[in-house]
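Given next, in C-alpha cells, is a single chain: the form predicted on its own.
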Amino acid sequence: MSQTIVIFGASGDLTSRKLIPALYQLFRKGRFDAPPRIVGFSRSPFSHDEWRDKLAATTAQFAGEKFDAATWDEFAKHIYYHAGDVGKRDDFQSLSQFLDGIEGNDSSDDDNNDGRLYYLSMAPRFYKSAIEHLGQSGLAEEGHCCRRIIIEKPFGTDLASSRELNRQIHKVFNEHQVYRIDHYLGKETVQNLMVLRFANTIFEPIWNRNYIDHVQITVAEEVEVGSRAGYYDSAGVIRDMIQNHLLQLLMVTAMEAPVRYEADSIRNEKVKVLQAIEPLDAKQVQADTFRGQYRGYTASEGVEPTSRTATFAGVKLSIDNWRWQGVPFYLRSGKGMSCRTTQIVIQFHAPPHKLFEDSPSDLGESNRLVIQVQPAEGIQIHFQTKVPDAGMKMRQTDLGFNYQKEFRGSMPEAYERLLLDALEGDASLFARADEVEAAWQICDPILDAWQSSDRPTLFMYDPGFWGPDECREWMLEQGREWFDTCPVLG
C-alpha cells in the first residue's frame, strides 16, 4: 500500500528534527510495503531538489550513525515540495492538482490512491484555516481512498477552546479520520506498561487499592524554558505538561484491561479513568496542588519581570472507582530540575506486621515498582533482602530490566511508531475528542483557581534541584515522600 503524507508547516523545526528522520528510519528498516510520497507544504520557496538537500543535511544530523547516503538517495526520490500559504484557499486548489499529478505519475505500485495523511506541523492558530481549506478544496473527502489528519498538541488552551477546535475539525473530518498526537504514547516504555499489566499474571492481583498506597508520575526537565519562554509564559506547566503528557501516563497506569487490543476498546477504558476523577474545587486546589517557579525565570527573554507563571507543579488527584478508591495519584512536573527523567512509581503499602526488628516501617523502605519512561528506559522492582552475615539486618535492593541492555540497540523514536500507526489506520495511541475534553475538565478548575486572587502560594526554587523544598514538606505532611532519584544511563 502506498500513501501520500502532506506536511503543512514543513519548513518548521518539527519536520526536520522528528518527522523526516522518523520516516527515513521506517524506510531504512523496511517498514513500508511501498514508500509513501512525502510532500512538504509551507510558504518558503524551495524546489524539490533544494528541499531534499536541506532534509538530507538535517536527517544526517539527527539520525547519526544510522544515516546512510545511498539509502537516503532512494528515500529522497519520494520527497516533494509545494510552496503555499495555509491562509489562501487557492493554494489548496493548487496543492490538490499537484497531489493528483504525483500520485498519477507514480509508477511504484499499481494502486496509486490508497490514501492521504495530512500532518498539521504548525502553530495552533493556523489549524482552523488549514482545516477549512482542506474541506473547501475537497481534499478531506473520502471516497474509495482514506483521508486522515494528524494534529499536534496543544488541543486548545482550555475546555471551551478544545470544544471549539473539535467542532471545527468535525465540520470537515469525521472522528475516525482524526489523529491527535502526543508523542509520549509512542514511547516503547509507555506501550510496555500495557504489556506489563495485561500480559503478566503477577501484577494484576496487586494492581489495586488493597496493595498500592499511592502512585507518583514525574516528568522532570533539566533544561529551563530557553527559546520557548514567550510561549511558555502564556501556557505554564499545567497546559504544557500536566494536561497532556502526565494525564496520558495516568490513564495508561490506571485503566482497566480493554476487551481487545484495538483503538476503540483501549480509548474507551482511558476515557473512563478521566471520567472517574472528580475535578477539584477551589478549596481542594489550595490543599491538593502546588505551584513553583525557578529563580531566574523572569529574566528570560519574552517573560514579564512580574510573571507569576508556574514552571513547577504538584497535583494530587483521586480516581473514584472500585480499583483505585483511596489511592492518591501524585503528578509532578517542572523545568530546571535536577535531571531529565520521566518515571512512574507504584508505591506499595508497608507490610501489615513488623515481623523482624529491622522490618520496614514506612513507605520509603516498602516495595516499589519504578517504570522509567525516559531516558534510561526500563523497570525496577525495589524489595527487602537480608544482609549476609549480619543477623536479620535487611537492606532494600532491586531487580532491574533495561531496554537497551536487553535488546542491544537504541530505542526507536516515538514518532516512528505513531506515524506508521497513522498510515495503517490504527488510532490506539492517539487521543479521541472526548478524551481531550475530559482532560481539560480536570485541568480547568486548577487553572482558574491559580489565576484567582485566592490562588495557592507560588514557591521559588533554585534550578538543578527537585523543585521547591516546600513541595517535599507537602508530601511528608501526608506521610509520603517523593522518589527523587535520577536514572542511571547505560
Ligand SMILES: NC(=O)c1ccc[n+]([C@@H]2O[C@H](COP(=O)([O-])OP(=O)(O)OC[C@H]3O[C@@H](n4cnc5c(N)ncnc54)[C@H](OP(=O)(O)O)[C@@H]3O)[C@@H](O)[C@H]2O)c1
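Quick note: we count residues from 1 along the sequence shown, nothing fancier. It should be emphasised that the depicted structure is a prediction, and the values quoted were computed from it without experimental measurement.
The protein also exists as the form predicted together with the named molecule; that form is not presented, and the subsequent description refers to it.
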query: Single option in E103, E152, E377, E269 placed near the named molecule in the model of the complex, where near means a heavy atom within 4.5 Å; finding: E152
query: Partner-contacting position among Y127, Y403, W207, F98 - heavy atom within 4.5 Å of the named molecule in the model of the complex; finding: Y127
query: Interface segment, criterion being heavy atoms within 4.5 Å of the named molecule in the model of the complex, picked from 446 to 454, 37 to 45, 418 to 426, 64 to 72; finding: 37 to 45
query: Interface membership of D13, the named molecule in the model of the complex, 4.5 Å heavy atom rule; finding: yes
query: 4.5 angstroms heavy atom contact with the named molecule in the model of the complex for D398; finding: no
query: In the model of the complex, R17 touching the named molecule (heavy atom, 4.5 Å); finding: yes
query: Contact test in the model of the complex: S121 vs the named molecule, heavy atoms, 4.5 Å; finding: yes
